[in-house]
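Next up is one chain by itself, shown in structure tokens, the form predicted on its own.
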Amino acid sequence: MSQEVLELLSQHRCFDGEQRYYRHESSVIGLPMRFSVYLPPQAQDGPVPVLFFLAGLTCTEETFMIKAGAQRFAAQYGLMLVAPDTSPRGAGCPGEDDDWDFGTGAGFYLDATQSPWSKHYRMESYITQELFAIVTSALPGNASCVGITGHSMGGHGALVLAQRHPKLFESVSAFAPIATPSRCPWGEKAFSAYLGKDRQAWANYDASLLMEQSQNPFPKGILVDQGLADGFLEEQLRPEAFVAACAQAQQPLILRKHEGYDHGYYFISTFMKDHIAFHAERLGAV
């Protein structure tokens, strides 16, 4: 993967590193895709550990970089930050722009199997194959030191992709994740269209159901933060399902519950430093 395939849209000096926005023709998605990267100052001297952040419903590759306040801490620890877009754009699927919680901006970080979604909605392969390769070849990411985190739909994506690709991701955390999407309205709506009616196929992208089939997949632990004033907590997020699954799998889990915090980026930015430090320790960052 050569540097020439990437179109640099903009770059900005930030905490002695660089915030960059890229566009490229994705062979996996079959459409142009955008992603953002924060290169810490340590990247000037060679490859650095990488932390992927998967954003939530309606977000883009810009949302996390603009709102989370993560660059300050990434510069401190020498972590590269990578944020992909949340879905293909302009796929031309009927109904993809009708609802905020499905289609455009709501790719759910899976590879769709049902027509017409299966042609372009292949976010799992995009992140774990194509974008991973770009970040660790065309950009100075250390392929052996990569973590993943995310928020809401992206928290679901982080917990699922980490479990489905344990050789790629050394560390995992999440903010207010959709913990069991096969058993909540957001997930049922998306999975039935992307994956079909067979609920066994849904289980392959359900963090709690995947964990139930595992045995301590991340011995260094998983960190999850959840606001207790989150309006989506009981109906959509259901963290208790993931807690139970981790207990069954003997998976160390730190679930922190925060009074008064809601679902947005004020919550995320409050605890962002803790997540950066969590990943930095497990990835051997400075």
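Given the structure is predicted, the values throughout are model-derived calculations rather than measurements. We number the residues from 1 along the sequence you see.
Quick note: we don't show the form predicted together with a small molecule, though the next part is all about it.
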(message) So, Ser171 and the small molecule: in the model of the complex, are they within 4.5 Å at any heavy atom pair?
(response) no
(request) Determine whether any heavy atom of Thr63 comes within 4.5 Å of a heavy atom of the small molecule in the model of the complex, and answer yes or no. (result) yes
(message) Can you tell me whether Lys220 touches the small molecule? I mean in the model of the complex, with a 4.5 angstroms heavy atom cut-off.
(response) no
(request) Decide whether Thr58 counts as a contact residue for the small molecule in the model of the complex under a heavy atom distance cut-off of 4.5 Å. (result) yes
(request) Would you confirm whether the three residues Phe102, His165 and Phe191 all fall within 4.5 Å of the small molecule in the model of the complex, going by non-hydrogen atoms? (result) no
(request) Could you check which residue among Ser87, Gln71, Ser152, Ser208 gets a heavy atom within 4.5 Å of the small molecule in the model of the complex? (result) Ser152
(request) Name the single residue among Tyr265, Phe271, Phe278, Tyr21 that comes within 4.5 Å of the small molecule in the model of the complex, judging by heavy atoms. (result) Tyr265
(request) Name the stretch: of 240-248, 44-52, 29-37, 257-265, exactly one has residues whose heavy atoms fall within 4.5 Å of the small molecule in the model of the complex. (result) 257-265
